[in-house]
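Take a look at this single chain, the form predicted on its own, given in structure tokens.
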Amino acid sequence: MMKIGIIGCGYIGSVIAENFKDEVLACYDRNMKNMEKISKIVNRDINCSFEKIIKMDLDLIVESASVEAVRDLVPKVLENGKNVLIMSVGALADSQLLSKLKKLASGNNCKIYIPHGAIGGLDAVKTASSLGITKIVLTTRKNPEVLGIKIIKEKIVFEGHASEAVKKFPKNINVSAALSLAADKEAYVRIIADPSVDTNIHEIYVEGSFGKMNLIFNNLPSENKRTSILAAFSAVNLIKSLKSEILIY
């Protein structure tokens, strides 16, 4: 049985708790009501402080809080020798933070796991990167309300590199950072606010010496409209794969 802790007890944290009720042993969130919700899901009191959770005997800590949590809390998780699954992968668009976390993981003999989130095909993109990627573009289309924008007609609200996209839309475009990490090349990003859509649509175009890829994902949003259902369950799938005898890459 895997021993799991959760940092960030919102929608994704709840999904993790629902799927690993016996294995989630601790949770931390700045909002006490969120922690109480996780405790109710697993049917026991697992609320604790951040200082306690990083000292516990855990196999994995799931970060499902925010970009700020990755920056401020994940280094301490790694310093305490804990493997960590990062959901707020947009934080890793910061090359200095990425380098710091990689060094901490190496120095403390632990791993950083990144799920595919709201998109797929990262395994193929990663393979393509070893052959050479010359172009990689992500076009994301969401309802303006999800993006925190008020418009009545379709509009491109961002066009530029992933690192800048994450700064402008930190809760909406984590996929751009995951894609860039898989490609070992910063993705070019277009974000379109479209009042006619009620799903989160991601289109990936990759070109290189391997050939071309065109991947499209049309995802239903979760109760947190900024997050696709697929994104939450990508974490569930990753944890299951860590426990499995057969790994599919």
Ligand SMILES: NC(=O)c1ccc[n+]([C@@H]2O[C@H](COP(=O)([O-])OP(=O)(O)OC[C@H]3O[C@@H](n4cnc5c(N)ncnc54)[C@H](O)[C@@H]3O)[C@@H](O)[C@H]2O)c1
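Being a predicted model, the structure only gives us computed values, none of them experimental. So that there is no doubt, residue numbering starts at 1 and follows the sequence shown.
What comes next is about the form predicted in complex with this ligand, which does not appear here.
- Stretch 80 to 88 is the contacting one of 80 to 88, 96 to 104, 123 to 131, 143 to 151, since its residues have non-hydrogen atoms within 4.5 Å of this ligand in the predicted complex.
- Contact with this ligand in the predicted complex holds for none of Ser180, Val206 and Gly208, as no heavy atom of theirs lies within 4.5 Å.
- Within 4.5 Å of any heavy atom of this ligand in the predicted complex lies no heavy atom of Ala165.
- Although the partner is absent here, Arg30 is a contact residue: one of its heavy atoms lies within 4.5 angstroms of this ligand in the predicted complex.
- Proximity of Gly8 to this ligand in the predicted complex: non-hydrogen atoms within 4.5 Å are present.
- Proximity of Ile12 to this ligand in the predicted complex: non-hydrogen atoms within 4.5 Å are present.
- This chain lacks the partner; the member of Leu138, Leu92, Val74, Ala118 within 4.5 angstroms of this ligand in the predicted complex by a non-hydrogen atom is Ala118.
- Taking this ligand as positioned in the predicted complex, the residues of 48 to 74 that bring a heavy atom within 4.5 Å of it are, in sequence order, Ser64, Ala65, Ser66, Val67, Glu68, Ala69, Leu73.
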